[in-house]
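Taking the form predicted on its own, here's one chain by itself in structure tokens.
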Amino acid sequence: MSATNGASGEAMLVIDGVHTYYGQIHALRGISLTVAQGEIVTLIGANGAGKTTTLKTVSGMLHPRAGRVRFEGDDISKLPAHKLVERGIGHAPEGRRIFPRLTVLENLQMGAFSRRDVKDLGPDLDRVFTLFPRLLERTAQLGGTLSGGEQQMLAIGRALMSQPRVLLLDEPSLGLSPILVQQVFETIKDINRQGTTVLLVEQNALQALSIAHRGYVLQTGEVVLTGSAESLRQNETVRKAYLGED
């Protein structure tokens, strides 16, 4: 089902001519993109295209050598990751990266580490458990003993506990069964409908474009195509390269 409630807000997140490196490897080569308040924007591309690097650059895990990242009008290019969490950027990274020896509840509480109102987590825990009822059944279970799908739910839930205004999601459907993939994407739509802006990296391009408002196609660290989700779904190059169509 296509996203129909397109966003009309001003640009919340702006990546402007960003160059990011891993040592001497030039991973992002001057990419520019915008995400408006209320949107779901997806990044599409092959492995190594720079999608994960883009999210890491936004969340402060990497810093650009050139260009700027702006969030709600402020230049955040050089700020450390924990400061960006405090400012409202949540990140559920590729590979989930939960704390395996902490319980589900403790993992969620860790997601709120930057908040000053740590005694008032009840409403946010309720929100996570409403989105992911399975986590409510497993609050005392160690994170490392959860299934892959449950760990993905926990990673997203943990990111939501920081009350992000923009949520970065990196490969949320990776390794999940088709039924769980559908559930995760429905949940992403629910999160967006509740007011959280989403920047989504996803290997399943067809699913990503089915819920996104807009998308960017990355290739070797550069943006090579952008447009509405519908226009990208109809684009012949995208269909052949990323949607598995002949």
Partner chain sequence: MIASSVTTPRTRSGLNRSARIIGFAVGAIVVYVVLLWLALQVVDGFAPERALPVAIQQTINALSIGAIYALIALGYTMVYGIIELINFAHGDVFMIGAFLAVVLTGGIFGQTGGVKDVPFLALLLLVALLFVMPLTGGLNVFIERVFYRPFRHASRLAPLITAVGVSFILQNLALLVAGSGDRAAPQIFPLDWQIPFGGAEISVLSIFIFALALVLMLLLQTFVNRTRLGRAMRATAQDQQAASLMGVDLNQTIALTFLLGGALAGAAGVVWGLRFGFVRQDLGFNAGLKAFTSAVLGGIGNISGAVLGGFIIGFIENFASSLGFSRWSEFLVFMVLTLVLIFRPTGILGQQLGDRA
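If you're wondering where the values come from, they're calculated on a predicted model, not measured in any experiment. Numbering follows the first chain given and starts at 1.
Keep in mind the form predicted in complex with the partner chain is missing from the figure; the text below concerns it.
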Problem set entry | Whether H26, K51 and P64 all lie within 4.5 angstroms of the partner chain in the model of the complex by heavy atom | no
For this session: May I ask you to check whether T57 falls inside a 4.5 Å heavy atom distance of the partner chain in the model of the complex?
Result: no
For this session: State yes or no: in the model of the complex, is some non-hydrogen atom of P164 no more than 4.5 angstroms from a non-hydrogen atom of the partner chain?
Result: no
Exercise. Taking 4.5 angstroms as the cut-off for heavy atoms, does M110 touch the partner chain in the model of the complex?
Worked result: yes
For this session: May I ask you to check whether L146 falls inside a 4.5 Å heavy atom distance of the partner chain in the model of the complex?
Result: no
For this session: Note that the partner chain is not shown here; using its position in the model of the complex, name the residues of 125-148 with a heavy atom within 4.5 Å of it, in sequence order.
Result: L125, D126, F129, T130, L136, T139
